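As a starting point, one isolated chain is supplied in structure tokens, in the form predicted alone.
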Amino acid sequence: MQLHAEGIEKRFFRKTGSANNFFAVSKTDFDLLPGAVTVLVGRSGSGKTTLLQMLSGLLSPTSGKVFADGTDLYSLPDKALSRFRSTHLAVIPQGLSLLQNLTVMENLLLPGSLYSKSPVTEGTALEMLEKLGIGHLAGVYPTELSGGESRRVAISRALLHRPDVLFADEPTGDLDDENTDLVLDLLQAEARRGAAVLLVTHEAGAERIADNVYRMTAGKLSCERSAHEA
């Protein structure tokens, strides 16, 4: 699935003595291509997460459009957009996202029980947890997990459902070097099977898996490396 953003921007109204607009993301075009890892870098507060949220159907742009294989995401009714996201897209969020009243295994299986094209079995879910070194935590609740363990559960949940487009917002922020390398390799494997992958990160080593590298600076997007230029 190809994702194409056309003239998207995000403005927030801010009043500091007099009314003005704050541009979290300035007007830009952007493409995520199947089979490629696109890495987005930049300082905290530069607009990276805002851009990711607009591309993933989570935050409506102030202006512009986002197309997924020709489907205008923000023209869809809320229920249809939710179904589309659940069926085709996956997000590894920067913050904690697990349901506290469900076990790790239940958190992994829940998305597939809603809209998934092919619901995940417990065996497959356990294999993914073991791949990330947390198979022994399948039956515990999120309150019993460390930050790094919670992050690896969220990563497992996103990867399990084999999305057409995968968004990862600082997925290695709580991880040690060994697990960081493992996660980066898994994201690259997702692209190799045909997914479009957007990785927002401060991780210095992430560019080793990148086909394309973009930078956000004060809400403005620039391309630093493109597979098309290689």
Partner chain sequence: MTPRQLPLRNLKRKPARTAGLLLLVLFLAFSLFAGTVISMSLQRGLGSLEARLGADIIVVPSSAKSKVDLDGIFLQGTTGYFYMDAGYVDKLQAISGVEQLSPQLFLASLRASCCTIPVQVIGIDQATDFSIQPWITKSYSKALGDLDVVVGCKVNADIGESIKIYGENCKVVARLDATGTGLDTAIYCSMDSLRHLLESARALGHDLKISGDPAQVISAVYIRVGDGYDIQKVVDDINLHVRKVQAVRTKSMLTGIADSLSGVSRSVRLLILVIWILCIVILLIAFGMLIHERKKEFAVLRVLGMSRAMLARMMLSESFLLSLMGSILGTALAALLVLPFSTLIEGLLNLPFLLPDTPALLGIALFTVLACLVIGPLSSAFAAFRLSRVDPAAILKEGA
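Residue numbers count along the first chain shown, from 1. Remember, it's a predicted structure, so these values are computed and weren't measured experimentally.
Missing here is the form predicted in complex with the partner chain; even so, the following discussion is about that form.
Only one listed stretch (51-59, 201-209, 184-192, 32-40) carries heavy atoms within 4.5 Å of the partner chain in the model of the complex, and that stretch is 51-59. Interface membership of Arg152, defined by any non-hydrogen atom within 4.5 Å of the partner chain in the model of the complex, is ruled out. For the chain shown alone, Glu106 is a contact residue for the partner chain in the model of the complex, at least one non-hydrogen atom being within 4.5 angstroms.
The partner chain in the model of the complex is approached by Tyr141, whose closest heavy atom lies within 4.5 angstroms of it.
With a 4.5 Å cutoff on heavy atoms, Phe13 does not count as touching the partner chain in the model of the complex; it lies far away. Contacts to the partner chain in the model of the complex (heavy atom within 4.5 Å) from stretch 58-82: Leu58, Leu59, Asp78, Lys79, Ser82.
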